[in-house]
Structure formats: C-alpha cells, structure tokens
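There is one chain below, alone, in structure tokens, taken in the form predicted on its own.
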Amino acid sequence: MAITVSLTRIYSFSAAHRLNSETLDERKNIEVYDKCNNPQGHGHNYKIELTVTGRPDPDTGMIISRTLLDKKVKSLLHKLNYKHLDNEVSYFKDKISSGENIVQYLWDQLDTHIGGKMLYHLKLWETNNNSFELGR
C-alpha cells in the first residue's frame, strides 16, 4: 500500500496594495473597502502556509527536497517582497489585489513551479484576523 505524506512549510513576505475597483465610483470604493482604499496604499506582513503532498522517495525518504522547495517558493516571493502589488506586479494591473486574488496568484504560480498535483493546500495570512485558503 502506497502512502501519501504531506509537508507544510511557512514563508513570509511584505508588500503594499490598495483595494480599489475601477468599476466602482469613489464613494462606493470607500464604502466597500474603507481604510484599505487609501490612495497611497497600505502594507502587510503576509505569511503563507504551503502544503505539498506525495509519496516519499525511497532514496531520500522525502516527498520533495526542502532545499528545492524553499528555492522555488522564495524565488516567487522575491518578486512580491517589498513591492506595491498594484504598481509593480503585472498580474495585479487588471485585478484587484484582494487577499482572494493574491492567494489565487500564489497558487497558480506555485502550482506551475512545484509540479502539478504536488501542491495540496495554500493559506495566505494577511493579518491575524484575515486569511485566505485554496486547496485540492
């Protein structure tokens, strides 16, 4: 019987963004997004919990090299770290940089880089009170 094992790693990055919809007028943007609609933006110290799953390799006993996983994840997070997402990350040029869209962006990028079905669960912590999750 083949077993499947999960590995969860935690990473962090800091970024700024502004919640603002081009389809809403100024009053409605303020009503919907409140202080997060600040024209200068605001920042977060994001934390992500990333879970990969698979069968342990018989030679290493691991489902993935932690060094390789760290390298791939940190390469992506480097593109976001200390950036204003709306102004410096092309994905958010036409998408609102909400937590929901940020976790979707991370999932899409990591799923491609880590290798398909190996990515099992992703949780993005925006604040101690707000988190967003995707999973298989």
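The model shown is predicted, which means the values in this text are computed figures rather than measured ones. Note that residue numbering begins at 1 and tracks the sequence as displayed.
One more form of this protein should be noted, the form predicted in complex with another copy of the chain, which is absent from this view; the next part is about it.
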In the predicted complex, does S90 have a heavy atom within 4.5 Å of another copy of the chain?
no
Applying a 4.5 Å heavy atom distance criterion, does H44 contact another copy of the chain in the predicted complex?
yes
Taking heavy atoms only, is A15 within 4.5 angstroms of another copy of the chain in the predicted complex?
yes
Please check if L76 has a heavy atom lying within 4.5 Å of any heavy atom of another copy of the chain in the predicted complex.
no
